[in-house]
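Let's start with one chain on its own, the form predicted on its own, as structure tokens.
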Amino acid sequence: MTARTSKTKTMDFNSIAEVEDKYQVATYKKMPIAIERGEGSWVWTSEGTKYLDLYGGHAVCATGHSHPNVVKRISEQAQRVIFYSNLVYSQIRAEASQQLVSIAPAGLTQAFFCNSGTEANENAMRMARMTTGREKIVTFTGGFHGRTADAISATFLGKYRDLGKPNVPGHVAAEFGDIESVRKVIDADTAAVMLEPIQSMAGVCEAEPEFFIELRRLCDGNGALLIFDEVQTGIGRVGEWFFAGSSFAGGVVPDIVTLAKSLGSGVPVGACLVNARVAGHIKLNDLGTTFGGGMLAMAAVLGTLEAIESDRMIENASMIESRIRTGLTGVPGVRSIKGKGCLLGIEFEENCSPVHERLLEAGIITGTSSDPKVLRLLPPLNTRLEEIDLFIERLAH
């Protein structure tokens, strides 16, 4: 039987918005644009308008839009076989697993693949409970870990936790960056302490390296695991492959690192990287996922890691940060620049919503945060410095 093909009819923006609003359950407040294609750090709308994308689909498009190597890997895999579950072995999964573990901080030796960041965090907490035989999880005010039951119960940011009620029991919060607040809640019942090493949605909040060093000591002293939620900070975004093990973390390596977003350049995929202690407590059938580790996702992971390395994107992320910090020094209304690499928060003296809207009108996509004064930048790691200069020029004027 021959498949029937048809050309998609081009719709104008108003028609797209009308149909989508009619048939899709409401989620986010959307920008008044419909993106139809992308290349590098640029996207084009249904109306043909070109935008510089410094938001990257919320920290997802690490390699830019439709990077040739990622497209090639996905296309080649799709022509072989699109999917079979991880009940069978797969060469592309073997290659992606090996490549991911090879760039991981020392001691993180095995990967578990799933479909998203919230799933990665759910499984990380589950593995911590399996490893320790305990239930309590300590997280932090301002942290965001996802919207599924356990992950949203671990989220102490704004209204999100309330949206997940009834919450999963066993979650308590400490104050991010305040080690004394952790001492008050960690005990012999604690399975793990989990945190975003940079709290992105909270307004790009950071902690000193000494905080992570003391946190590692506290966890070790109480027999608890340490989990870094690197769904946003991981895969090169902070100017290092991972926040874990970097100088930003004081060299601290957690027991589990969770990943998603940038990992597949836009193809849904999540992962947990674990050490031998954790892996040793996981038995057959303890964990499972139908789509996790699927061939197409693994092709996207491999293509992403190859592209970041071959194009020297990690070094470029650090140069982007430096260019922005230098370029915005002395700009009226800008109070500070927070974050690392391509996860930056521009703190303004006033509410930044008008700036966000003005930039969109000027053809630049940025993001906001739960802090009304912080504008977030989550650009592709291969954004060119001249494109950053364009952003600085349009922001300053």
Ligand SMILES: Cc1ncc(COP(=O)(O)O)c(C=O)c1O
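Note that residue numbering begins at 1 and tracks the sequence as displayed. Computed from a predicted model, the values in this text were never measured in an experiment.
This next part talks about the form predicted in complex with the named molecule, which is not shown.
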{"property": "Option from 295 to 303, 112 to 120, 282 to 290, 73 to 81 whose residues, in the predicted complex, bring a heavy atom within 4.5 Å of the named molecule", "result": "112 to 120"}
{"property": "Of L225, L273, A96, V231, the one that lies within 4.5 Å of the named molecule in the predicted complex (heavy atoms)", "result": "V231"}
{"property": "Heavy atom of E196 within 4.5 Å of the named molecule in the predicted complex", "result": "yes"}
{"property": "Exercise: G146 in contact with the named molecule in the predicted complex, heavy atom 4.5 Å", "result": "yes"}
